[in-house]
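The form predicted on its own is given below as one chain in structure tokens.
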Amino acid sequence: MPRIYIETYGCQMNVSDSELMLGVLGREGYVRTDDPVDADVMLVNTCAVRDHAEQRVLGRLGELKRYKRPGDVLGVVGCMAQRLGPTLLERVPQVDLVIGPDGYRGLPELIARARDGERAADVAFKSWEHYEDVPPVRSSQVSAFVTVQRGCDYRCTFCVVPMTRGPERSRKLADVVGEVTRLAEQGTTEVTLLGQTVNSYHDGQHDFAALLRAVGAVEGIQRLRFTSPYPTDFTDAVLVAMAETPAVCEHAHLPVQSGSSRTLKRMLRRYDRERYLQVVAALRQAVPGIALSTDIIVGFPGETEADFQETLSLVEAVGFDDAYTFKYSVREGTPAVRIKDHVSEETKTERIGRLIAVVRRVAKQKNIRLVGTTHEVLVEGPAKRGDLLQARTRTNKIALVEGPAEWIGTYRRVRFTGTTGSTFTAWPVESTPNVLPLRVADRGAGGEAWQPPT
């Protein structure tokens, strides 16, 4: 049987797409391998958000080409493939095929053509494509990504996603619920709904609030997450659904990009600093104890030291539990290319160093206060180092705990015994003193649901 090797870069959407590709090729008899040396087909699933990500892929292609034997195929798929299209075939002669996110259904045919010596590209947008008939091949049964929305209609000046993922379109609610139901029947208890602006989901009849309620009601689903939302798409209906749906976890990834209203305006974000802080307050009122993470870009064109200081002060004001920080990267075809007054690389490097220090300090202070408290965790699998298991709280905190492999996929009560500042060491407990209240228990008691302020 032919063997397929897929290497994935970028966001959770790319991870989900790799699972789809394995599903497409699995129907044709392909078997997954984790070693490119053994592969008949090697695919690199790519990200195009930053130039650094694309340079990494180009370097990796240079390494993978050494494993090619006569008849083997090396392909580039995903967002970088969509952005560069057939020019990738010219830039990297060893690449045999280039396929964008809407072209995975054609993988078997394009691979066959590549084996016959035809180098091809498929980067056409297909507004109808949701791969509904393709069962993904997931690497974990514990937790699953479920794509509910593709593409993006927002035109942030820094972002290449509308060019690489196409216009926004949402799956039918019934199809999403059907997929989640099948996952639950197979033993999966946690799902993460994926979309570029996931809380703008609308299938023509149902909005994101309805989707949360429907997925949260699937028997067997104990935890429901979603990413990435857009700040101003947290409508009152969505907040009420989050408050009333016990499975919804107490964590939201809330990209801010900058703490400066002036910079946000240049980014064409649909909120300013004050509005973002209002969304934070609304989330915390609706979901007490919610943990917040974010994305922040440093050095956007025209960013002054005063603008950057506003970003630092926002991190302090919100008290983020985590933040993904990036230096601005010019993306050809985005409106930001035309904005003058670019920030020097030296300044961007210096600023991101200061930002990371503040983010880590704020997160560490919050995490230190959690040492000694007890939490419910889902054991996800072996930790990357040592003989411990990795587990996760509903608030997305990572804990390393000692226990048998049989615990993987189960829920445990653990007490945090220490923290590095970002992750925790933990110890399983039988009794539960000093337990932080579980929203599942609280909300299952029929208490008064959160209501938007009048």
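Residue numbers here begin at 1 and follow the sequence given. On a predicted model such as this, the values are computed, not experimentally measured, just so you know.
A second form of this protein, the form predicted in complex with S-adenosyl-L-homocysteine, is not displayed here; the remarks below concern that form.
J.: Could you tell me which stretch in 241 to 249, 291 to 299, 68 to 76, 309 to 317 has residues with non-hydrogen atoms within 4.5 Å of S-adenosyl-L-homocysteine in the model of the complex?
T.: The contacting stretch here is 291 to 299.
J.: Taking heavy atoms and a 4.5 Å cut-off, does residue 326 contact S-adenosyl-L-homocysteine in the model of the complex?
T.: Residue-level check for residue 326: yes, a contact with S-adenosyl-L-homocysteine.
J.: Could you confirm whether residue 412 comes within 4.5 Å of S-adenosyl-L-homocysteine in the model of the complex, counting heavy atoms only?
T.: Contact check for residue 412: no, nothing within 4.5 Å of S-adenosyl-L-homocysteine in the model of the complex.
J.: Looking at the partner-bound form in the model of the complex, is residue 367 within 4.5 Å of S-adenosyl-L-homocysteine by any heavy atom?
T.: Result no; residue 367 lies far from S-adenosyl-L-homocysteine in the model of the complex.
J.: Would residue 158 show up as a contact with S-adenosyl-L-homocysteine in the model of the complex if we use heavy atoms at 4.5 Å?
T.: Judged by the heavy-atom cut-off of 4.5 Å, residue 158 is in contact with S-adenosyl-L-homocysteine in the model of the complex.
J.: Among 228, 263, 188, 170, which has at least one heavy atom within 4.5 Å of S-adenosyl-L-homocysteine in the model of the complex?
T.: Partner contact (heavy atom, 4.5 Å) among the options: 228.
J.: Identify, from the list 101, 136, 255, 259, the residue with a heavy atom within 4.5 Å of S-adenosyl-L-homocysteine in the model of the complex.
T.: For this set of options, the contacting one is 255.
J.: Going by S-adenosyl-L-homocysteine in the model of the complex, which residues of 45 to 65 come within 4.5 Å of it through any heavy atom?
T.: If the 4.5 Å heavy-atom criterion is applied to S-adenosyl-L-homocysteine in the model of the complex, 45 to 65 yields 49, 50.
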